[in-house]
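Two forms, one chain: they're shown below as structure tokens, one block per form, named structure 1 and structure 2.
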Structure 1
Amino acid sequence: MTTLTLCTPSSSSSSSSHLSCCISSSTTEDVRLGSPLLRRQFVFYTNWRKGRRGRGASCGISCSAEARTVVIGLAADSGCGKSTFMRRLTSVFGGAAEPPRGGNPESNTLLSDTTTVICLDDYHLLDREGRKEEGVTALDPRANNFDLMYEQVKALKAGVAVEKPIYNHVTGLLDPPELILPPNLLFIEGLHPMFDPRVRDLLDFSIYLDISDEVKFAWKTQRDVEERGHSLESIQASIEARKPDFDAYVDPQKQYADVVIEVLPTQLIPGDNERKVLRVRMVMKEGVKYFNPVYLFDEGSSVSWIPCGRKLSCSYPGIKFFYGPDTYFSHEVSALEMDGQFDRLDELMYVESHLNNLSTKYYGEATEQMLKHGDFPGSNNGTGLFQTIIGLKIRELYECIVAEKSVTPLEAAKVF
């Protein structure tokens, strides 16, 4: 048997989100409290399972006195800005999201004080060579282990740690797993967070990044040519090869999302081919629990607004906002759109003052978040603005869920 010691964060820590699972050899099962902070009633969950391929036993341990993990799903194609979006989201909750210390340097996981970000590429069933041999892409459901994805997300949501696989993007191989402890807030991002109904039902909130083909090509060209040395021809061939599977398995997920961010070519520059100026549209589903859509000036009205002038500097081609009610896959939605880009982020306060339901803690917080990450891609246009707003909205949603669950009685201890 194995002795488990629950090592909690120090009393000086501002967060109690991640609990350390200390494992030592013994002949008994024992759980010891490692901090005065835990001198109250607790219920522990242990998950014993023999390791695969000769690895040691894996264990999960959690405490139901803590709020359960809230799960957020983010879906998008490869190269569409998921990583930048995750950095904006986790920043709202405090602390920089970083890879696990002392673990696999090629880990895709990001940890901050209160959040964990899991890349769903880690649930690939086949490595890179295996996909080539089978003639499938990573977008094909047959190349992904949805059973394991479901079981592990479900476990983390219930407060149980898991040993998650690692897909190594450098070698294309499946590396040994890493221990993931249940955080306060779990983000799962990748190609398929809403594909499997079982996983979809575990999500407390869902987001889809919908990048138009024209913008996607421009973005992938910038990333793969400048950063990875690929040719334009190879990028175009890669996009075309993935498109049938993308259309079949990834794109349909947007119908389930609570928020969709559409990134489109600008309408302010006729015949624009550079794609440096973007039109970004945030589609917000009505009736989502703990989520009140953002609106411009007057809720439910149709509003077109050009804010350029004495209070907002705008060089060519300017900035135009639009807000109004709409329908999206038969759902009632509110849509907020921004076309153009900011010249000065410090003037964004003027725009913020005309947006309502931002879920900020104080006046100017959205502008402050934008300025904090002014060097991130999209910070001068609607992608950065709307991603920041969604981060603020998710924080409010999380706080509402925690408040609701805080009155739930402790359950009896369970052994799986």
Structure 2
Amino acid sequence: MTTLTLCTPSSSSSSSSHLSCCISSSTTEDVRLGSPLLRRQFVFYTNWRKGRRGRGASCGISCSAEARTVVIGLAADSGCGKSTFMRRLTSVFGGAAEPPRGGNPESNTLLSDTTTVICLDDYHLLDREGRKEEGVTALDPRANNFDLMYEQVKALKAGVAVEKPIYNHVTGLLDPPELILPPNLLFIEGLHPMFDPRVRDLLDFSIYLDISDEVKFAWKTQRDVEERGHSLESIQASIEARKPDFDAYVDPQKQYADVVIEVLPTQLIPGDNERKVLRVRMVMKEGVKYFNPVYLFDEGSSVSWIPCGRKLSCSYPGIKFFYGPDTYFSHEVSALEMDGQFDRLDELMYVESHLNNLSTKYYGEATEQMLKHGDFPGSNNGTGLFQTIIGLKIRELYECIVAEKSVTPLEAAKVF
């Protein structure tokens, strides 16, 4: 049952100051593997973002049709650097992404002036205890509320605010919802942004972060053994336990992604087991509107490039790039690969100067973005570089969508 009423938002977890009107919607949820689990009330708000178009506030169907939120999906396993990725992406749009002020301290949301990042763990249908009882992992679709995910992402995309649940990672419980206002850019990150076809269709751009098993193990080892005192065996067991569901429900989403970032063992150090030097491969789908894949030297041909040489000296094991056309799940793609790591600023600048279609606004912007977050993990390798590049590409995509929306009414007017 759904009721729509006009309302004014009062929650403190607002991501926008441009709210002028809203629609409240209350629904009764009753899903848990067929048995009652959650009773949730959620609210939809309609938000007219005057800041985006420079127009005065107004409310109606036209506002959501003309100035919708651009939605980006990021899929990846937990503990694989999604939050670093998100901070890099939102940074390109200016301002730091912070948790909502004054709200639930365990909120998983990140807000900046123009962007909102929501974590799809918030759409867990089952809390930790519930998953245990039902014998399902968080990776299992049955533990997640795709109907609500779809409804709320659709609402936000249409410019309608929502009251989104919060999954508390500390307690493992579902906390009371927080208000999410429709931002200019909505990032949805988590295990299943492309799992449900309805949600997938709402995405203007999608990214899959594909960490190879070897690197995933090394990363989890570093975090859980060195920082949390777990044993190697328990980490291995936890990875193994997750693997069937991961392979069944998370991994297949990569076929739908517009960009996949693969994080692989280096090929520069024979027999490397440290996994500190990484080979990172960015697989970019061809033919995606407003997304022109990055290339090296000659678009559409295959190039491998070791920039370290006569003009640029690098320390062991150096840096190696590869670029070329490929196919990925029968899609035509371009792949850009970086093996190795940057030691010095001039290496990064040199590399930036030879990459094309970076969607920077000025020479050196990618390097500047990388330096701004030099303390983030992966700042000296392909993960940081490609995340930064994807941020720049998304900014361009966003600006194109906005420009298209600005042009369309005028173009349409010519018809009459």
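Note that the rigid core is defined as the largest set of C-alphas that superpose within 1.5 Å between two forms. Throughout, residue numbering runs from 1 along the sequence of structure 1. Remember, predicted model here, so these are calculated numbers, not experimental data.
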#### Entry: Selected structure - the one that is the form predicted together with a further copy of the same chain
2
### Message
With both forms fitted on the core, check whether the Cα of A158 differs by 2 Å or more between structures 1 and 2.
### Response
no
### Task
Take the rigid core as the frame of reference and indicate whether the C-alpha of D147 shifts by 2 Å or more between structures 1 and 2.
no
### C-alpha of L345 moved at least 2 Å between structures 1 and 2 on rigid core
yes
